[in-house]
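Here we start with a single chain on its own, the form predicted on its own, put down as structure tokens.
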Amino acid sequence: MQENALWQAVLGQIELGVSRGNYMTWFKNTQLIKSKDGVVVIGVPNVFVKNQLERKFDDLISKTLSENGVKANRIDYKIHTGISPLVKFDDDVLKNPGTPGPTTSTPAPRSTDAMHRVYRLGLNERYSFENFVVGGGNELAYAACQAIVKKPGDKYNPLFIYGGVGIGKTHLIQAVGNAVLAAKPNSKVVYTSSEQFVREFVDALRKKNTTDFARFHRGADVLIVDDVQFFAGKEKVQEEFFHTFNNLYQANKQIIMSSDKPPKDIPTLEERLRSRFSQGMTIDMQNPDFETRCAILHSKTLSQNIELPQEVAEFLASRFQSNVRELEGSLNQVLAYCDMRGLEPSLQTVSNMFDSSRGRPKHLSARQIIERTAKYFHISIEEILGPKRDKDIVVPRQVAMYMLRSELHLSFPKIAHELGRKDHTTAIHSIDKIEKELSYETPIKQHVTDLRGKLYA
């Protein structure tokens, strides 16, 4: 039996014996590199998967190999650069997500011109398929997005993904745009939030320049619109988007949308839009399961060259179950706390941090965080709550939003309200931006660390 066929047989048998989350997280992107003289070498995509297979699934793999005619005296797990999480799915995978047989692909390098286009058209390059953790709650959406990259506008058009806040919808739909540009740098990929679409449309109306606005969006090869539920109640915006949708659809251009609810449940949405939103593929993304949440935590720390103990990952994954942003926020809090004090993240340290009787003071309020943030950056409370968009005010305001999220775990609408903003997508954008800054050694990272120390001093 050839090695690939053997390993597919082993994976098929393992898939029947473990949870869907475990299979997708630990086994899906592995391969059999060598089987000779009782030594089996299994390729894995990263050190985290390697550690988990060695610790938790070695006996299961050995037993399954034996049942398929391979006596393994020793199993070695090797990080194999030929394995890429960027998995291409064919139509059979979409019909039956359990079907094995993905092929790997390496994105083409982007030209300088494409890099400018990404920035101008709103995509964030850190959102990629490679750092998106696949689990039972999102595997169908992930497979559909992979299929779209292969043939934009062909079959799953429009694609409508919906689900709760903070489960990875924005990450996934932007990953499509980045992958399309990687494969075809001359493609015109337009990503916009509903807030941005509305704001720019109103500005075009004011300047009597709606023709250019329409031409820009209707000239897209792939149009990606985030949080379309905010089109509800905006009649002129809905009419403009209706015509844009029709124009792109008739030209076989790809349309991808996200929302927090399915089309039928979006209030005051015109019936003609509701019908069009539902005519393609509509997918409900679920909250990540326990194994996926653990994998997300390890993926985040792995990108920072930090080894997170499994018991710490399990503690956080058990405590923060419904929102990936809250989960990542808790991890950032742990890493900042340990970094500030020169500690290694341990179960004892983390449990103490989140123990209701210790760590975060109960009396710390949203108003106090905002006031102390303003004081730290030497601006007034009126400025941080006001409408000004000067950089020396916008950055403190974004930091304040991030602190409200990471320290008090407030909802995005609540954060927006506390900072005097009408639209909670502003809070989402601000917190995403600060979290990105925290991934690197930037002044913002130092500000957040210093400010957090002052909050709890």
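Just count from 1 along the sequence shown to find any residue number. On a predicted model such as this, the values are computed, not experimentally measured, just so you know.
In what follows, reference is made to the form predicted in complex with a small molecule, a form of this protein that is not presented.
Stretch-level contact check against the small molecule in the predicted bound form with heavy atoms at 4.5 Å: of 215-223, 346-354, 169-177, 236-244, the positive one is 169-177. Contact between Glu328 and the small molecule in the predicted bound form is found at the 4.5 Å heavy atom cutoff. Although the partner is absent from this view, Asn186 stays clear of the small molecule in the predicted bound form, with no non-hydrogen atom inside 4.5 angstroms.
Taking the partner from elsewhere, Phe377 is found to have every heavy atom lying beyond 4.5 Å of the small molecule in the predicted bound form.
Among residues of the shown chain, Lys300 is one whose heavy atoms approach the small molecule to within 4.5 Å in the predicted bound form. Among Val133, Val190, Leu316, Ile370, the residue placing a heavy atom within 4.5 Å of the small molecule in the predicted bound form is Val133. Think of it this way: in the predicted bound form, the small molecule has a heavy atom of just one of Ile296, Ile255, Ile384, Cys145 within 4.5 Å, and the residue is Ile296.
The gap between the Cα atoms of His171 and Asn29 is smaller in the predicted bound form, by no less than 3 Å, than in this form.
Relative to what is shown, Glu311 and Asn29 are farther apart in the predicted bound form; their C-alpha atoms differ in spacing by at least 3 Å.
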